[in-house]
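In the block that follows, a single chain appears as structure tokens, in the form predicted alone.
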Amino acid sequence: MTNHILIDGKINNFDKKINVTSDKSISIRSILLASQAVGVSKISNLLESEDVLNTLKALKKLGINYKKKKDSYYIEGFGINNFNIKRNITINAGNSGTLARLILGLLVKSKFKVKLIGDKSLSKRDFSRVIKPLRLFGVNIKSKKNTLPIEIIGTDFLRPIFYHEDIGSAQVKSCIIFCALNTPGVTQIKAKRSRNHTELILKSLNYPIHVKSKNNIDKISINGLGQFKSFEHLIPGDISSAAFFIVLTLLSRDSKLLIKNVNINQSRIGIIKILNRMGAEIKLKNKKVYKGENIADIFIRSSKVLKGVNCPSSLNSSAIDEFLIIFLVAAKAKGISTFKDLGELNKKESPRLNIGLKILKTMGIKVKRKKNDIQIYGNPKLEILKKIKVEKYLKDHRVFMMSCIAALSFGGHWKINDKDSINTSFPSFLKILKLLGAKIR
């Protein structure tokens, strides 16, 4: 069976309403926290992607039972420190860095060794960023090269820590928070601002976690060993998934799109702030707050004139998963777009900064790079007529989806590999594209 698609030519104009898949970050966090609650939690509209299903499989191995009824998952938790961990357990995180890093924070009391593995792509990613703080807590954790596989044995002598998280990684921050739940005393984190879904869920559960924010820094304190009751959570749409259709609409002619019920958490909407600076017409409608999360419908209209942007690096963290498609808007914009300090992109499922710039150059876009700073020279009149082949890039779903949006926005004859990569985060991506009128073979 082939694992590639063919796209010949741009998409026609459209005027549609769509729903995108549920938020992956919140899906994974909600079921991990449900495993620590006392009682049966109900999680509705859970994203059924490979990353989330691997999280459920991992919890099953740790003695947590769950069942699905209609559109909801029911997860039975027994409280903090109550996994039923048996000897010689191996957890396969697949492609999910979120699952791999966060679950380590919940294994810190394990009486037996647990081995954590992942796929080829995940096994190349840096885990020193969570290994270091976990060792400070007193956890026995082993890795030959600070990558997967990792072996972890818990301890009954965890100690609270103060940790300065200066990367802006929500995965690192959440791993530390999860470990702090299992630790007596008060753990403190000084963290560069990043997505805060873990903190918001815990606050909605009245857990003793306190956050003070100032100048792009969060100071977080967590009182450990507090139990919390089971809960209900309805997962909203994922802004990272919506982003692809936002950009497709902006770059298409005479098109309008309404994306329903999307999470617009301030730590996630860097893409909207950046695109509006570039002259996009993006509006948030029907705003509401659900358990601390801001949710809205997103309205987008095609932009006739887009301009280059000097993107402040303070927006990097809130747009880190969307830069590949922001680059496509820069390619169409009038003038030069400048982006700085994007090294974190190369530490994702694939070296995304390298790959994204390679695709832009293949499209005929001039790019200048100095280390992790780049300039993209936009060409509003760009029309691609040639054949373009996008190779296999460690099964990176965002590279695949970026390539699809590029083909439908700029034209040309594209062969795009790794179709199955979208199963990790957005299984219905191609289906929604076809609903908008995309012709994909």
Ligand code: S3P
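Everything numeric here is computed off the predicted structure, so don't read it as measured data. Residue positions are given as counts along the sequence shown, with the first one as 1.
Beyond the structure shown, there is the form predicted in complex with the ligand, which is absent from this document and is the topic of what follows.
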Listed residue that, although the ligand is not shown, lies within 4.5 Å of it in the model of the complex (heavy atoms), from Ser121, Ser110, Ser169, Asn265: Ser169
In the model of the complex, the one of Asn294, Ser318, Thr98, Ser303 near the ligand [non-hydrogen atom within 4.5 angstroms]: Thr98
Option from 132-140, 212-220, 147-155, 320-328 whose residues, in the model of the complex, bring a heavy atom within 4.5 Å of the ligand: 320-328
Contact flag, Arg195 vs the ligand in the model of the complex, heavy atom cut 4.5 Å: yes
Non-hydrogen atom contact Thr21 with the ligand in the model of the complex at 4.5 angstroms: no
Residue contact check: Lys332 to the ligand in the model of the complex, 4.5 Å heavy atom: no
4.5 angstroms heavy atom contact with the ligand in the model of the complex for Ser25: yes
Within 254-269, the residues that have a heavy atom no more than 4.5 Å from the ligand in the model of the complex: none
